[in-house]
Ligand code: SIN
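Okay, so here's just one chain, in C-alpha cells, the form predicted on its own.
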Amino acid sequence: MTVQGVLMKLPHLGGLTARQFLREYWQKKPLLVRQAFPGFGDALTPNELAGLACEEGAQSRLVLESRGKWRVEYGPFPEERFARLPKKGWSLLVQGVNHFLTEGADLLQRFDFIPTARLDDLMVSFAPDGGGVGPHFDSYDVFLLQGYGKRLWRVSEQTDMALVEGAPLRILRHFETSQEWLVEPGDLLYLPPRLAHWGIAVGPCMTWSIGFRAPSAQELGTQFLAYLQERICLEGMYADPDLKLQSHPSEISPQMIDRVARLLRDIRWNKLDVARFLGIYLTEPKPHVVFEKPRPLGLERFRSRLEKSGVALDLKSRMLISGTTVFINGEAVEVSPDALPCLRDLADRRWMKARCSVAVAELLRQWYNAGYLKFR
C-alpha cells in the first residue's frame, strides 16, 4: 500500500484510515461496518459453491449438527451428497476460494493494508436457516463479509473457553452473548483472535471469511527445525579417546552428555536464516494445490507477450520479498537490486506490465512455464 493509501480513509473500514484501524482495532476489538461493500453478494451462488466443493483441488467441509451432536465430513463431495442433506442443521465451508475465483482474489487485494505474509485465504460458507458451526473462537484475525442472505452474529467477552468434549470442532461448552448484530449483504465484521463468537443463518445465507494466519510457536519451531535440518552441516564426529570404565555399562555418562552438548552448540542461526525460512514457509503451497503448466515459451516470444499484455500471478501463487530474496510458492531466488522494483510490483499488486531486463524476463519466463504466472 502506498503512503497515500495509508493516509486515505477506506470506505470498507467505515471511513477509518488503515493506520487508525491497526491502532484502534487490529487484535484489540471488533468492528462492524455497514455496507462496507455495497451490492456485494452476487459473485458466487450457493450452487456454484457446492460445485467448488466437488472439485479435487478445493478444501471443503460439511459441518452437521443434530440434537447437540456435531460431525464433520470432508470433500471433495459427489454431487448427489447435496441432494441428501437435511433442510437445516448444516453448513458447507470451502477454503481457498481465491484460488478459483478472480473476484475472490480481487477482494483480498482490498485488505492489502495487512501484510501479505499474514494472509491465509478466502473461505466461503453457506448455511440454511438456523445453520452455523456453533459458538467457537479462532486463533487468527478474520473479516466476515456478508454475501447472499442475512446472518446473526453474536460475540462474547467471556474468558471461559472450555470446549464440548469429543466434538470435531472447537465448540464452546458455554456461551454468554455480550453483543449481537444482524448483518446483510455488503456488511463487514472484523473479529480479533480468541474472541468467542457465533454466527447463525437467518434464512439461507453465504458468508465470505478473509482469514489471516497466525501459526503457533510450536508450529513455527517445528517447521524451522525441519528447515534447519536440510541446511546445517556440522563438522567433526563424536570421539572419546579418554574413555573411562563405567560401573554400569547401561548408563549414559555425564562425559558423553557434555561431549554431545559441545557438538550441538554449533547449530546456530541468525535473522537472515529466519527471513529465508519465513519466505519459504509462508509461500509454500498447501499439499492439495497443483499448478497447471502451459505450453513452454522461448525467451523472445515470452518477452514480446510480456511487454504487450503484462503478467499476473496465478490465483494459487503466493509471492513475498525479503531484502533481495524473492520467494514464490516455496522457492527462493536471489536477485539484483535493480530487478526488485518490477518484481516488487508483481508481488504487491499480483500483476505487472513493464519493460524489464533480460535476466528478469528469463526469471518470469521460468515461473510462467511452471504455471506460477498467467498472461493478463
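Note that the structure is a prediction, hence the values are computed from the model and not measured. Don't overthink the numbering: it's just position in the shown sequence, from 1.
Keep in mind the form predicted together with this ligand is missing from the figure; the text below concerns it.
- Interface residue among Ser209, Gln223, Thr283, Ser156, judged by heavy atoms within 4.5 Å of this ligand in the predicted bound form: Ser209.
- Checked against this ligand in the predicted bound form, the candidates Ala196, Val133, Leu107, Val183 yield a single residue with a heavy atom inside 4.5 Å, and that residue is Val133.
- Mapping the unseen interface onto this chain, Asp138 counts among the residues with a heavy atom inside 4.5 Å of this ligand in the predicted bound form.
- A residue is said to contact a partner when one of its heavy atoms sits within 4.5 Å of a partner heavy atom; Leu93 meets this definition for this ligand in the predicted bound form.
- Among residues of the shown chain, Asn98 is not one whose heavy atoms approach this ligand to within 4.5 Å in the predicted bound form.
- Looking at Leu144, you'd find a heavy atom of it within 4.5 angstroms of this ligand in the predicted bound form.
- Annotated contact segment (heavy atom within 4.5 Å of this ligand in the predicted bound form): 201-209, selected among 299-307, 109-117, 266-274, 201-209.
- For the stretch 96-125, the set of residues having any non-hydrogen atom within 4.5 angstroms of this ligand in the predicted bound form comprises Met123, Ser125, in sequence order.
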